[in-house]
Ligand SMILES: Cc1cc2nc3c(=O)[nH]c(=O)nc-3n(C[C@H](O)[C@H](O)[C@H](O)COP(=O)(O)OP(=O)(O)OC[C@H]3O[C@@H](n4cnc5c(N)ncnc54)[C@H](O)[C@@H]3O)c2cc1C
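One chain follows as structure tokens, the form predicted alone.
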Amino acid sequence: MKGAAVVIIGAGVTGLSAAWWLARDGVDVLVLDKGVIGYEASSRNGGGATHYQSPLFHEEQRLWPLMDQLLGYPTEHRPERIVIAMTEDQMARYRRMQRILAGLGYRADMMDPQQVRDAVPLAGDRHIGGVHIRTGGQANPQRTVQAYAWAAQDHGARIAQHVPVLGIEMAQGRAVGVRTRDGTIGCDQLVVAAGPQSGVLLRGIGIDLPVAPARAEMIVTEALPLMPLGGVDGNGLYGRQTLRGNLAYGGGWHEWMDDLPLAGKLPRPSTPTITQIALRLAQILPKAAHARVIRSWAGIVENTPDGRPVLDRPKAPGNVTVATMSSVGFGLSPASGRAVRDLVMDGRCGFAEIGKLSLARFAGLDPDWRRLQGWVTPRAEVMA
């Protein structure tokens, strides 16, 4: 396979967005993925676009309403979101969220229980209020991932599926290619956006990226009458009502996993999270409690020790950009892809200060950080 000026490892939402931003500037881009585009968590998430604690938040909010036009394909983005509180602790967190958003210049209105019931027909009587966020919103993850891929290809990017990268080739202190089963693919610049497998790949060239893989799960119900606003969540859940009326929700604890293989069959974890997701969904939307769960999704996400993404181009080797989003990749993807484009082409992000997302913040991290945080693999029997 012919090499490229920029090779991106990982056809998740971050890698594909970066490919699109680079290709639209005329850069020769090749994206490699061990499976198919967006097969893991990139297409199995709540589709939320309200990451107000990120330095990329303003760009996230600016870009989402423009993405259908910019990409030329639908993302099903819809603005606004209502978050329902079931406990005083949750309500206190949402009040804090409202204050932060107001400080950033975005409108969010606290809601009393009756206002929630008026706005959310599937809500019941047990909640104690909520917050109506007048920005952000949500999009369809599967449509969005495909939109990035098609738009990148429209600008000349190449995407190779079922091509696992087995290692990174170095020469004279720089990354010069990636090893695959079919040989080495050369590159001038390399972007590692391989999600939970980024840590293993980067370790091979001396870059320490602390990430813990975990499985996240979602459920989807049968279609219900459309609510006025599809973006409704809370009670520890994320998700939305789709344009077809299905309730698609996830959230809760992760099932922690060991390092994943770079190629071959992934382990099949087992987890009881579906029941807990369904229970909490019935608590915030009790008038949907009768709805049947018709399918579930699971994807493997990567998590950094502080939960924040890493967007960085380390000084050594100097031509490798690290892009791992720590479970918040979907919503930030319009902005993170642009940030990766800037790091690759300009060496720095030109629209936001992203120093807090650098690898340097993990200097001195205890090597046993996963055990100290309780992020360890359950020793339950792994299904064959």
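The model shown is predicted, which means the values in this text are computed figures rather than measured ones. One rule holds for the numbers: they count along the sequence shown, beginning at 1.
What follows is about the form predicted in complex with the ligand, which we do not show.
Using a 4.5 angstroms heavy atom cutoff to the ligand in the model of the complex, none of Gly199, Thr304 and Thr321 count as contacting.
For the ligand in the model of the complex, the listed stretch (91-99, 283-291, 213-221, 123-131) containing residues with heavy atoms inside 4.5 Å is 213-221. Of the heavy atoms in Arg338, none are within 4.5 Å of the ligand in the model of the complex. Taking the partner from the other structure, the ligand in the model of the complex has no heavy atom within 4.5 Å of any heavy atom of Leu22. For the chain shown alone, Gly299 is a contact residue for the ligand in the model of the complex, at least one non-hydrogen atom being within 4.5 angstroms.
At the 4.5 Å threshold, heavy atoms of Ala18 stay clear of the ligand in the model of the complex, well away from it. Comment: the ligand is not present in this chain, but in the model of the complex one of Leu32, Ala352, Met67, Leu359 has a heavy atom within 4.5 Å of it, namely Leu32. Contact annotation: of the candidates Val165, Leu71, Ile185, Leu209, the single residue with a non-hydrogen atom within 4.5 angstroms of the ligand in the model of the complex is Val165. Contacts between 113-150 and the ligand, taken as any heavy atom within 4.5 Å in the model of the complex, involve no residue at all.
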